[in-house]
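In the form predicted alone, a lone chain appears below as structure tokens.
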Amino acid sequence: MTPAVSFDAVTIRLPTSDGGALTVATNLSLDIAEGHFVAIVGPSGCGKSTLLNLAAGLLFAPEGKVRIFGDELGGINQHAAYLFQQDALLPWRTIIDNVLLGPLIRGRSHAEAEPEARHWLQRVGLAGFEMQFPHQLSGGMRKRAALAQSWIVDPRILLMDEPFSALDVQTRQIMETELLGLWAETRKTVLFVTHDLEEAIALADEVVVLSARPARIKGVYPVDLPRPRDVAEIRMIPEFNTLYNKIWADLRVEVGAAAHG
């Protein structure tokens, strides 16, 4: 089966302030199967978010290719939605108007898209908050709105860059479980960047470990834990701890190398 996302011998260089270039990743190859939830972990600065930017078409590699469903990516990835660490809600628009923005940009009428926007706000637990503005909502509620904003455009690929890292522990676990519920219904392809190995294992079908910069694939670990998952409860089972210790043995080496590099 053709991968949803394929990084083929990609080398990534970013410009530096002195006019040089920083090699972030070199000869990196990775295939993401359609419908899989894949988490990417690695030390700070190793290029995790840069890979998402490549998959989104926001950045282009000087060497190697990025393919989306078999086609080489040459511009913005029209199959993907992107959830950033900081929510991208427009502060001057109400919550429902933020959710409607994607469909309206894609040429749908307000009358056609509004019932769907209300459906998705209800689905993420924000019924009754449609006319509120982002500053009137808690951080967790804004993340729910961002999920509705992404799902309403029905992307085949969801790119998520530490979307829950700013939330408190309890809200974060609730949002993780909500995300898994949405994903189970639609089986979209998800690339999820996180610094939290526990979060990666609790959510994903597969955890990809990147090395210290310049990044390479250090390991790819299938997560053979039962679904559906409650992210709080799944952390309590022995198999979770076994897998955590196995992945951390690889990741710890790379975190140390990055710290002393």
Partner chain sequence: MADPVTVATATTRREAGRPVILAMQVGFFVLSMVGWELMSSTGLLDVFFFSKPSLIAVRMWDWLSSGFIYEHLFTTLIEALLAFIIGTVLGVIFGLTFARVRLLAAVFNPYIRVFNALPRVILAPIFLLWFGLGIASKVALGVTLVFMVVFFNTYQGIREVNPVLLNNVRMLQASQRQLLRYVYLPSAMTWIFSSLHTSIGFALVAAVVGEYLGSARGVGFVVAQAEGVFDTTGVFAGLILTSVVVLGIDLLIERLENYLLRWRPGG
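Positions refer to the first chain, counted from 1. The model shown is predicted, which means the values in this text are computed figures rather than measured ones.
Below, we refer to the form predicted in complex with the partner chain, which is not included among the displayed structures.
- Partner contacts here mean any heavy atom within 4.5 Å of the partner chain in the model of the complex, and among 173-181, 118-126, 86-94, 186-194 they occur only in 86-94.
- Under a 4.5 angstroms non-hydrogen atom cutoff, the partner chain in the model of the complex lacks Ser138 among its neighbouring residues.
- In the model of the complex, the partner chain lies farther than 4.5 Å from every heavy atom of Phe164.
- Of the heavy atoms in Ile76, some are within 4.5 Å of the partner chain in the model of the complex.
- Although the partner is absent from this view, Ala80 contacts the partner chain in the model of the complex, with a non-hydrogen atom inside 4.5 angstroms.
- Comment: the partner chain is not present in this chain, but in the model of the complex one of Leu225, Ala232, Ala33, Leu58 has a heavy atom within 4.5 Å of it, namely Leu58.
- Along 111-149, a non-hydrogen atom within 4.5 Å of the partner chain in the model of the complex is carried by Phe133, His135, Gln149, in order along the sequence.
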